[in-house]
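Single chain ahead, by itself, as structure tokens, in the form predicted alone.
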Amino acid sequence: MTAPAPIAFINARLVDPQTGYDGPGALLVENGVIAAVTHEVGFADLSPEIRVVDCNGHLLCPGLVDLRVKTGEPGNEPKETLKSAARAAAAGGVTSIVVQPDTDPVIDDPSVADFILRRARDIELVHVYPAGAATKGLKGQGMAEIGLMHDAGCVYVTDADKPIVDSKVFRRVLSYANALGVLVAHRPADPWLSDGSAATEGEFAGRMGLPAAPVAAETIMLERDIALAELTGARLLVDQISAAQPLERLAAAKARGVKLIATASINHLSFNELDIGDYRTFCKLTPPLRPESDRLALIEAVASGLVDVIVSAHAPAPAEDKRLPYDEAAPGAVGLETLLPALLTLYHEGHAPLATLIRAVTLSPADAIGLAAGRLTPGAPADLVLCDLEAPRLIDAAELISKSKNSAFDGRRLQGRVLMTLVDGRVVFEG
């Protein structure tokens, strides 16, 4: 591959999540890495061969790292291909994605992980990393080949949306993964309490006549997971915590030194259960949307650092899977292209400093899976996003790049537009 041409970004608002710096600056990209950073508005004596981009005070920060992305490839390409997901990611300022193992075939074998990595190299857009299955076939019974998949390039193991119910199996997964230094992700959801549910149990779900599950379904499973993580000493990624009650258990466990990394989806930070409205299936999610008090508690947890990582929870579903009665429709929403502007809403509304929010989608997820990205320091990969913080946007799902158009943000007004995305110094999107 030909080395990308050098680029100098001047007159930018730099946000470096590693140092917490948020202020004016300039940045030079050469040979695919960050060559120089200054807190001055520009560089002196730049070579005429260097492309100069005047940022006009717009935000320049590391590219986003999204730890939870579903695609349909292999096995269900009409939902989403790796290429369409990569294009959507680039347009959204996301430079690294971790694809979930619930494909067909399941990523429970090194050969499937190798297929994902080879396809990503051929596409040459954003970085794509596979997550391996924790159990064979995602069935929650026999442990998958965790070591071989880790060697093949899987950045963590998970059974995606399926909780591992058997505590003995999950303990073995944690123990084995810990011996290999592998991160384990798990969705906390008691399957017996949550089976068949389409909403959060409460007055609203009752009025709507929807099958519902209590928040306790998340809390109960989280408490078990914490106990097993503490017992084994393993690193556990709590996949999409969504309510105040489990946040209390998370805080207590972190205070005891349990090795936990908590994620929250941008959907649960942006919507509450009332956004279901008149049975709006684009807002049918897993976990289900919670009351407003839980949404605000989740935002506070992000601001305090209790929740480490924000994910898009990108889950494409074609129209025929969504245009059904609410309790029959497929859960999930696409989110790669709306992650950044939705995140910026929390900044514009004054919920958290910009550097704190950017850290949750760059440095924290990068550190969780051992990437060198997510920081603005010389020698770091030139994975960058230039964004107009103030640009208004009316989200039209039909205009999204994703093959599936099931966006929970369809029709919502957001603020923030990606102007340019770089991966290893290559411009992969310019709007």
Partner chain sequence: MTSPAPGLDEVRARIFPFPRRHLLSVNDLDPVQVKDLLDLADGFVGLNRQTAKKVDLLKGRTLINLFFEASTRTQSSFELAGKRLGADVVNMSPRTSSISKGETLIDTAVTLNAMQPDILVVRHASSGAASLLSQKVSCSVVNAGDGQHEHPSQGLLDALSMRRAFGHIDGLKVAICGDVLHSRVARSNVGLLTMLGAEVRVVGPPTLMPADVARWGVSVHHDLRQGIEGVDVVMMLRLQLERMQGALVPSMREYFRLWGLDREKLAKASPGVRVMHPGPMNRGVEIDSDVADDLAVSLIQDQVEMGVAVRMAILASLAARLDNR
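Positions refer to the first chain, counted from 1. The shown structure was predicted, so the numbers you read here are calculated from the model rather than taken from an experiment.
There is another form of this protein, the form predicted in complex with its partner chain, and it is not shown here; the text below is about that form.
- Within 4.5 Å of some heavy atom of its partner chain in the predicted complex lies at least one heavy atom of residue 323.
- The closest non-hydrogen atom of residue 209 lies within 4.5 Å of its partner chain in the predicted complex.
- For the chain shown alone, residue 349 is not a contact residue for its partner chain in the predicted complex, no non-hydrogen atom being within 4.5 angstroms.
- In the predicted complex, its partner chain lies farther than 4.5 Å from every heavy atom of residue 233.
- None of 294, 201, 145, 308 but one reaches within 4.5 angstroms of its partner chain in the predicted complex through a heavy atom, and that residue is 201.
- Stretch-level contact check against its partner chain in the predicted complex with heavy atoms at 4.5 Å: of 81 to 89, 182 to 190, 323 to 331, 351 to 359, the positive one is 323 to 331.
- Contacts between stretch 269 to 305 and its partner chain, counted in the predicted complex as any heavy atom lying within 4.5 Å, involve 278, 279, listed in sequence order.
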